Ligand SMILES: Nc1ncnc2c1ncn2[C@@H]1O[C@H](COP(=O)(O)OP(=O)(O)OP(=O)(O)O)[C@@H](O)[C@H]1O
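Read the single chain below, which is given as structure tokens and is the form predicted alone.
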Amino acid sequence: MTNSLVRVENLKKYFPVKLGLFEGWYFNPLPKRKKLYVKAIDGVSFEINRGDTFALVGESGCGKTTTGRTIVGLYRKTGGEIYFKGRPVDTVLKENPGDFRRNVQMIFQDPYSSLNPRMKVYQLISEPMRVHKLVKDRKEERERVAELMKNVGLEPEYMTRYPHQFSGGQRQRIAIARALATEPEFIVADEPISALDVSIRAQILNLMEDLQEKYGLTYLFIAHDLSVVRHISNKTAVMYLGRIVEMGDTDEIFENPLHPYTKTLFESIPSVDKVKQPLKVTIEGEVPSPINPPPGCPFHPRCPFATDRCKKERPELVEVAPGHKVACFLY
């Protein structure tokens, strides 16, 4: 039996750009323009083994969240393939969509908007159980809700309250309990602590680690905070402009970053030792538009080591050390 739970191969997700009011066919007598797309994900491949926490990191707009939402089925992929337990997700959704929905859940970034304000905590957590017929009667349902609330650090008597009666950290605990209600195997956590106060972020991270060990969960952890990634993940992939530029074991990536973009990210982490030290690798300019990405390596317009080859050819992920891959012609 393979240890792989989720595998993504050459995944692409393009969003069409809407034309302006006066660019439609009924106003514009000129020939139709070429249809434009935002290339949010442009050929991403990786594999997540059972029990792993696989982290996706990168700047805002690099495609991290889109990748997570496409994997769980909130977005329909443009190209490539997603496998769950060795089977194409498209096939699984056609044959048994309920099984996939039950086994794959998502924790969203903002607990203030991801919980229905008109539903009580009991309804929020119990609804997935009823939908997937995981409880026999109301008594078992109530016991299960109380158990989940205890497991995420909430008192069961709070189940009759509404989301607005809780703090941000408590709301995220409710969201985690709701995700666990279907007894999933795989959870996509989309920056689950970025909207929370600094004082409670560590509590939520520790909670997620404890739940992973207790329930045998596998995480895709999306984040931009590198210190958080090192704490919680054992595999890391760095994304830039819809593509993965470096991937490998988390410790290896942090101790020996190879791609110029990865080096810049890690050198930018605040540290007392680096207060008076200039960055060894500096990048200038802005991230190119995903509507019209540059040819060749997507990072070459900002890379201090770019060559003519970088401007013409797109580097593929190459394994330069056991389990360590990088998309750069320098290696």
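Please read these numbers as outputs of a predicted model, since none were measured by experiment. Just count from 1 along the sequence shown to find any residue number.
What comes next is about the form predicted in complex with this ligand, which is not displayed.
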| item | value |
| --- | --- |
| Exercise: Glu191 in contact with this ligand in the predicted bound form, heavy atom 4.5 Å | yes |
| This ligand contact in the predicted bound form: Gly63, any heavy atom under 4.5 Å | yes |
| Proximity of Ile48 to this ligand in the predicted bound form, heavy atoms at 4.5 Å | no |
| Interface membership of Tyr75, this ligand in the predicted bound form, 4.5 Å heavy atom rule | yes |
| Interface residue in the predicted bound form among Gly296, Pro301, Gly43, Pro290, criterion: non-hydrogen atom within 4.5 angstroms of this ligand | Pro290 |
| Stretch 172-187: residues contacting this ligand in the predicted bound form, 4.5 Å heavy atom cut-off | none |
